[in-house]
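Coming up is one lone chain in structure tokens, specifically the form predicted on its own.
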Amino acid sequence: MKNSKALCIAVASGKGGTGKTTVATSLALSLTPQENVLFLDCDVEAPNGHLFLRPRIEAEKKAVILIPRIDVEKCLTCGKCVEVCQFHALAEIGKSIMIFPQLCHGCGSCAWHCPSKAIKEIKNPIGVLEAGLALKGIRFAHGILTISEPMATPIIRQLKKWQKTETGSVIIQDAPPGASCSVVETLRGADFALLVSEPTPFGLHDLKQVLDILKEMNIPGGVIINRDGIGDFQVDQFLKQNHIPIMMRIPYSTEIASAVAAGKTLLDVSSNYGLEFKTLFSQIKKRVMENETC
């Protein structure tokens, strides 16, 4: 938050179905109009933030990745491109080089190292980016990965770069579930990670994986316990032993479940949640400032 730059909060979870998007969208709505909010749905394989924030899409852009094309007239079949490709997207077969586009990460190493300049990078569409204004003036954007495309990371990276942030704004990034590379890309550059978990053995197992990522990336974080009242106390005990703050509890409730199924947020269930999320936001800002002074 130094120099009033945008404050980026990533909302993540170790597993799907914990209520991560419910928390992310409710937080975004609670902060407006006091804060200038940008909501990025980075769960590009199954984005659903739009179901709650109901944006009016006004801009669209193709998400692409640069993949190699080989000029066989120039190719020396020296194998240098195969050697430098750490993703095994190229293979030397006989007297030719074969390309596997779906393994390519678009790093450009093959073209850079080709001694005969036989490799040209071409644009390969992998999805689409969409943006517009959502409820209460929230700036909204999400990525949609094309079905059959294997890599979500490039489109998440492009989504984050596409939407320009303004000084003093708040960015809320709804991460994919799990602890994969796409989650790491979403968390990259975040000031704080809000982890949503449920008090069950599965919830604890997957929460630990994301906490390990935060530790490795040196990102401060806290936990929201959703469906509080079910399961057991293992999550509470683990967080207490490791001095990880529980920043909010959302009780198990059929009323909340029905509301979410109807595309409503926690603020629609009770106005008290608006106050709770504002308090949560104040706690996040305080922890970010404390982390910056360490």
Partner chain sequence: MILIISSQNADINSPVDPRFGRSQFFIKYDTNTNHWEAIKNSSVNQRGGAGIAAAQIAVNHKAEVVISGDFGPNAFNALKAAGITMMTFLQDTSTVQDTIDHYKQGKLNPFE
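Numbering follows the first chain given and starts at 1. Predicted model, so just to flag it, every value in this text is computed and none were measured.
The same protein also has a form predicted in complex with the partner chain, omitted here; what follows describes it.
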| query | finding |
| --- | --- |
| Contact assignment for the partner chain in the predicted complex, among 105, 120, 136, 74, heavy atom within 4.5 Å | 105 |
| Triplet 269, 273 and 281 all within 4.5 Å of the partner chain in the predicted complex via a heavy atom | no |
| Heavy atom of residue 125 within 4.5 Å of the partner chain in the predicted complex | no |
| Non-hydrogen atom contact residue 100 with the partner chain in the predicted complex at 4.5 angstroms | yes |
| Contact flag, residue 170 vs the partner chain in the predicted complex, heavy atom cut 4.5 Å | no |
| Partner contact for residue 164 in the predicted complex: the partner chain, 4.5 angstroms, heavy atom | no |
| Partner contacts in the predicted complex for 88-115 (non-hydrogen atom within 4.5 angstroms of the partner chain) | 88, 90, 91, 92, 93, 94, 98, 100, 103, 105 |
